[in-house]
Ligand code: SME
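There is one chain below, alone, in structure tokens, taken in the form predicted on its own.
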Amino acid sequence: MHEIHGNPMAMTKAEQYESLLPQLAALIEHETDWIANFANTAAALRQVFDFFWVGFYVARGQELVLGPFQGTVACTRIAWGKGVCGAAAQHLTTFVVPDVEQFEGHIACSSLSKSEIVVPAVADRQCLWVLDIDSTELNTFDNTDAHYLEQIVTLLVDKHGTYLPTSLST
């Protein structure tokens, strides 16, 4: 059993991420199942940063399908190019949204979500999946979050390669 450690009150955001990265690496090191690793990554991020919602959407054809997450009930499927997740997947780039109400086409899975960051996992110019994080506060996410969350996404891509089964039952 792994426990994620850190004292958020005594650390900067960057220091929290710096502390979390090696803990996540150790947590997923010996686990080969991507679902288990995505679930634990979502739980660790939510635990350390107390984010409102943390989860993954997996690319399936022309849509993203809900994967492992921590938080309230979420949208199950998101069309390619729609909302922040679909836009990040389509454009293959991280989206930092300080106020989701100002993002044209935002999909409100929860009215409590006020800001959002979405980091796509990209291989061979294709989106494999996205890491989606929501906050109940405006302006929660910045370049620090983008930098470290992109490292976490890279850690998971390096662990699982470009292969994700087409069925979540695998």
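Throughout, we count residues from 1 along the sequence that is shown. Quick caveat, the model's predicted, so the values are computed rather than measured.
What follows is about the form predicted together with the ligand, which we do not show.
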| query | finding |
| --- | --- |
| Contact label in the predicted complex: Cys109 to the ligand, heavy atom within 4.5 Å | yes |
| Contact label in the predicted complex: Cys85 to the ligand, heavy atom within 4.5 Å | yes |
| Exercise: Trp53 in contact with the ligand in the predicted complex, heavy atom 4.5 Å | yes |
| Non-hydrogen atom contact Ala74 with the ligand in the predicted complex at 4.5 angstroms | yes |
| Segment that reaches the ligand in the predicted complex - one of 109-117, 23-31, 140-148, 41-49, heavy atoms within 4.5 Å | 109-117 |
| Partner contacts for 134-161, taking the ligand in the predicted complex and a 4.5 Å heavy atom cut-off | Asp134 |
